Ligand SMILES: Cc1cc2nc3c(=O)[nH]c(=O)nc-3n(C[C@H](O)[C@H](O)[C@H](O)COP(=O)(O)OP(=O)(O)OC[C@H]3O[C@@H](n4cnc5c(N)ncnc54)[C@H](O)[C@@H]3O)c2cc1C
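First comes one chain, alone, set out as C-alpha cells in the form predicted on its own.
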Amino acid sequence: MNFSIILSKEVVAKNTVTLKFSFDKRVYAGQFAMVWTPGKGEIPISFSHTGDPKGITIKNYGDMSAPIVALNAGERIFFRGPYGNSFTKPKDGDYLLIGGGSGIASLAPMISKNAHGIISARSMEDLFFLDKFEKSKVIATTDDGSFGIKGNALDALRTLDLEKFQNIYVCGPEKMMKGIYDYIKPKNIAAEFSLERPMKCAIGICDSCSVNGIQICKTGPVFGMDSLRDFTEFGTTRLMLSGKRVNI
C-alpha cells in the first residue's frame, strides 16, 4: 500500500480532474492502480501520466469515485500498484488512439506527434485532452452534437482510412469497443483494447474481473485482436462485485 501527497489538481472536464503525485515506480501506458480514500472502497484507475510526476484522471461517477475527485493538492492519495500489462509501444509511423468517455485517460501517455485521435463523450463539457493532439489529427464526437461529430467513436472511425495506421489503441465503454472491434475485424488491422471490469483485489484472487475465465487484472487489461476473438462475453455480459452476471 502506498500513499503520496497530491502535488496538483486540475479540472479537465465536467466532474473530471487530474491528480498528480510523486511515485518512484516505473509505470507504462495502460497500467492501473487501485485507488482509495479512508473509509471508502478501492477502485481501479488507469494512469493518465506515466512520467514524473505520475497522474490519474478520474470522473465522479458515484460514491466510490466522488471522494477521490474531491481531493486537493496537499492531501494524501492512497493507492497500490501498478497492476496489469500495458499497450505495446507504437512503431514508427502514424497510429490511432480511440478514447470513449474517460477512456482517453488510459491512452494519454501515448500521445505524440505521430498520434491521431478520436475522442468521444456525451457532450462538449465532458470532452478532455483534445488539446494534447495536433489540431488536424484529432476528431471529437458527442452524443448530443454539442461539439464535433454528432454520434460516437465508431461514426468518426468510419470517416478515416485505417490503412495508414500502424496500430489502433482503444479504451472506453465496452459496447463502444465491441462495435469498433467488429468494424475492424474483417480489415485485418492491428489493434489493442483496454478492458474495464469491476475489481476487488487486482491480484487474481477474487475473480470479479474475469471474462471467459480470464482475469483482466492479471492477464490484461490490454488485449489484442486475437485474444478478443475467444471472448464471447466481450461486449455482452459482465460480473458485478457481488458475483451476479448482468448484460452490458
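Each residue number is its position in the shown sequence, starting from 1. Fair warning: this is a prediction, and the values are worked out from it, not measured in the lab.
The form predicted together with this ligand exists for this protein as well; it is not shown, and the discussion that follows is about that form.
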Heavy atom within 4.5 Å of this ligand in the model of the complex: which of 180, 191, 29, 199 fits that? Just give me the one.
199
Any idea which of 146-154, 70-78, 99-107, 132-140 reaches within 4.5 Å of this ligand in the model of the complex, heavy atoms considered?
99-107
Verify the contact flag for residue 49: yes if a non-hydrogen atom of it lies within 4.5 Å of a non-hydrogen atom of this ligand in the model of the complex, no if not.
no
Check residue 43 for me: does it contact this ligand in the model of the complex (non-hydrogen atoms, 4.5 angstroms)?
yes
Should residue 37 be counted as a contact of this ligand in the model of the complex, where contact means heavy atoms within 4.5 Å?
no
Heavy atoms within 4.5 Å of this ligand in the model of the complex: does residue 62 have any?
yes
